[in-house]
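Here's a solo chain for you in structure tokens, the form predicted on its own.
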Amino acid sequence: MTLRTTAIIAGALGLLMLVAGLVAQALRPEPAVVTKATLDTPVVVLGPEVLALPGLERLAVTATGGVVAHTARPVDAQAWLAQHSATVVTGYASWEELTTRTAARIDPDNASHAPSPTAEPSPSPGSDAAATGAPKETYEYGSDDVWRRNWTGVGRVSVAVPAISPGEYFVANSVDGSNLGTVEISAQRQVNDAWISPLIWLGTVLAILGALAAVSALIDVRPVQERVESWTTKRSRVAVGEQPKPGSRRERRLAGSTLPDVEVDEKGQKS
């Protein structure tokens, strides 16, 4: 196999490597990912084992109205959750889907079991609440003494995961007792893409070398080779009848180098 053939084969392999690297770069997933789950309960909870997953950055819960988020110690959170229907986020099914389970503790439609909503007294016709028509209905969830930290929002509440102490529960609920909308987890995932750039560069170099070898196969370089060989032969050839320059190395080489005669005394020779 000639050097040119080897270069062409290497160029073909380099082209395949280059294409594979470009495809991998185009399909490479983004490190930042937001995973959502739809909720059909007024409460959502994430335990310490889920909050300890690597890469989690923020939690967000959406609702049609007001929404409140809390943190609590495990014993307090479990005692509170025993009284309320909640969706428990148990982890990731994939980066696009969360795994959940529903703990149906109370049927909100059953007035004999569920705490009934409490409404504020009707505002007077001249009050600001009457003018804006803002609803004042809230849902009774019990004592708030179990919570360690609280966040509130309208339509959405977002909490940074580092703000939650290790070992605590994260609990969010709608203010009016209606079902929440979604729970979102923002995270940074590890993407194994360190091999893509070296593959692209190596494939590019090999493809260029193969292209140069292929082009050289299409160009007749024999005239150039003949000129080089003729020039080399001319420099090394001695013309017939041409005498070397006096004192030159060629003259000494043609004449033969002579060594000086050295007298060596034989061993043991007596004078």
Partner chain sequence: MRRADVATAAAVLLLAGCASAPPVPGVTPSLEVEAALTESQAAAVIEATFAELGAADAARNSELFTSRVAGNAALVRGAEYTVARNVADAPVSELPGQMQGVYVSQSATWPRMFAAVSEPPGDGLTPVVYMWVQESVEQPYRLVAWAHMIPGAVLPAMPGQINGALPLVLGDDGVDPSPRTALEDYVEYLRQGADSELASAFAPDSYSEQLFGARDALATAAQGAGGAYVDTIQPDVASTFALATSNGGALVFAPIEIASSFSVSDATLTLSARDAPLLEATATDKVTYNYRDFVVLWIPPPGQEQLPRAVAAEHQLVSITP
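The shown structure was predicted, so the numbers you read here are calculated from the model rather than taken from an experiment. Numbering follows the first chain given and starts at 1.
Keep in mind that the form predicted together with the partner chain is not shown, yet the notes after this line are about it.
In the model of the complex, segment of 36-44, 57-65, 204-212, 22-30 with a heavy atom within 4.5 Å of the partner chain: Answer to the contact question: 22-30.
Contact label in the model of the complex: A103 to the partner chain, heavy atom within 4.5 Å: A103 lies outside the contact set for the partner chain.
Non-hydrogen atom contact A217 with the partner chain in the model of the complex at 4.5 angstroms: So A217 does not count as contacting the partner chain.
query: Does R148 reach the partner chain in the model of the complex, with heavy atoms at most 4.5 Å apart?
result: Answer yes; at least one heavy atom of R148 falls within 4.5 Å of the partner chain in the model of the complex.
task: Find out whether any non-hydrogen atom of V50 is located within 4.5 angstroms of the partner chain in the model of the complex, and reply yes or no.
output: Yes - in the model of the complex, heavy atoms of V50 and the partner chain come within 4.5 Å of each other.
- prompt: Taking the partner chain in the model of the complex, which residues along 152-183 bring a heavy atom to within 4.5 Å of it?
  reply: If the 4.5 Å heavy-atom criterion is applied to the partner chain in the model of the complex, 152-183 yields S165, P166, G167, E168.
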